[in-house]
Structures are given as C-alpha cells and as structure tokens.
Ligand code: OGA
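Single chain ahead, by itself, as structure tokens, in the form predicted alone.
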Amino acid sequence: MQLATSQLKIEPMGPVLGARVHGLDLSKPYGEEQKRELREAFARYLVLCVPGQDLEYDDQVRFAAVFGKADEKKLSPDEKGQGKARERGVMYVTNIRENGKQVGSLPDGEMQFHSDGSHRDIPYRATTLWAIHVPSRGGETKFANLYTAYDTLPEATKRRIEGKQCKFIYQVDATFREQTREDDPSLSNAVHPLVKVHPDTGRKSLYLSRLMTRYIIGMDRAESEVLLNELFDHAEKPEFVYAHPWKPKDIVIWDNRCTNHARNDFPASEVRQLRRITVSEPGDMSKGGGY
C-alpha cells in the first residue's frame, strides 16, 4: 500500500519498518511542509530511503539537517570519497584501497548489529548513507526494529531489565564483537539504559547491540552474558528485520535511537562505497550527538 501525503508519496518497504520517499529531489530546495512530512514519516517508519538522488556533499548535509544537527565537515581530496575521513560524523564506508591501504572505514564483509555512537556518552541521533558504488550482490544493510523487540518480550523479562544499565565499548573499525578488547582503557566507552524511551514518540525500545554492548552493570557477569545473548538473539529475529538492497544514488536515513543495523557480506572483488553523515542532537555537539 502506498500512503499519499500532500507533497510526497511514502511507500512502505517492509512490514516491520522502512519506507521509500518519492516525489523529492534533494539536490534542489524543499520547503517546511516537505521537511515536516519527512520527519513524520521518519518517526513512523524509523528508516527512510529516497532513491535516485544525485547529491553533492552539501545536499546530503542539508538533508541530514532536516532531522537534527548535521555533523558536517568538508572532506578532501574530493567529494567522491577518494580519501580517508576520520572526522566526527563524516566518513566513507568503502573497501577501496590505494597502494594496499584502505581509504575509508569499515571496508570488508559482514558487520554485526549495532547502533552508531552507542559507545559514546551522547550517541548519534540518526545516520545518513548515500550510495556511490554498490556490489552486484550482497552488502545489504539490515535494520532491526527495537520497539518491536521490546514490545514482544515476555512481561517477566521486561520487569527483569527495567532500570538496568549496560556498558558499551567499541574498537573503531571492528565489525565483530570479538575484535574489541574490553580491557583496553583507551577505547571509547559509555553507560546507557537497557530500555530507553524515545523522546519523539514516547515508545519504549531495547537499547543494546551484539557488537558494542559488553555487560549489564551490577549483574553477575555470567548471568549478564546469558541474558544479553538471549536479548541479542531476540532483537535480531528475522521477523523484526528489514534488509535494504542498495542501489546507486539511494540515500537512506535511520534512527539510531530505536533501530540497530548490520551488514551482509559481499564479494571482496567488487567495490562498495557510501558516504556517511551523522545527525546529532541540536543542543550538544561536543560528544557526538544523540540521546
């Protein structure tokens, strides 16, 4: 079913989350009514895809800014991403290598479910990705609905986890849990509630991920490990997940506050390149943004 709005056509991508937005050229100015509709669709669908967009860097920044504070930073040497970017909020996710060295971040293969910036005190509110090159197969980004994951928990489990907090730790560019050394004091880490209330919708969601959540604070570590693995498995159930098959010129934005995302493997011989600009909370840009 397609849902028509006054300006845009919103087409759900799957039963659990996600929608395509038609009738919008992000390289041209768009008004407050269209921005309002985008924000409403984002709150409802959690993940939005605007296909077929020819975007310069500034166009993507303008789109990200509809949803919060765009973490903009001019990149070099060019707008197509042939250069590694470590600046906060902006990176190129790519397996391109020059002289044997990667020029972007998170280059190869599968990546476990996570929420961007959850290892920071203030995580990212949202993330945008614009597809430059995509492989002929694989490389899909999977999105998991953490509202639904929470809603479908047994009531006893909801009571058990209410008020609990978790430690999040992450090694930059790690794609699997085992690549992060929990005992490394130099790694970025933070504490967040295991259950969060979304500030825009008022809905509860799980807030944890296999890649970055290490343990439940105040709980026996063995007990914590068992419970977390049960929750990881639950949050990653196929019925809670939509896998986005990328096409060149897709731009996708997702809500890091109520979704996790992961990546499917893809042929190492093919190029995958996407430009990422994150969205932070307007009031606090010093630590990466988010809630």
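So that there is no doubt, residue numbering starts at 1 and follows the sequence shown. All of these numbers come straight from a predicted model, not from anything done at the bench.
This protein has a second form, the form predicted together with this ligand, left out of what is shown; the following refers to that one.
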Self-check item: Of 187, 190, 161, 111, the one that lies within 4.5 Å of this ligand in the predicted complex (heavy atoms)
Solution: 111
Self-check item: Whether 22, 39 and 45 all lie within 4.5 angstroms of this ligand in the predicted complex by heavy atom
Solution: no
Quiz item: Counting only heavy atoms and a 4.5 Å cutoff, which of 200 to 208, 112 to 120, 215 to 223, 171 to 179 contacts this ligand in the predicted complex?
Solution: 112 to 120
Quiz item: Counting only non-hydrogen atoms and a 4.5 angstroms cut-off, does residue 63 reach this ligand in the predicted complex?
Solution: no
Quiz item: Any chance residue 263 has a heavy atom within 4.5 Å of this ligand in the predicted complex?
Solution: yes
Quiz item: With the cut-off set at 4.5 Å between non-hydrogen atoms, does residue 141 touch this ligand in the predicted complex?
Solution: yes
Quiz prompt | Contact label in the predicted complex: residue 93 to this ligand, heavy atom within 4.5 Å | solution = yes
Quiz prompt | this ligand in the predicted complex - contacting residues of 118 to 132, heavy atom within 4.5 Å | solution = 129
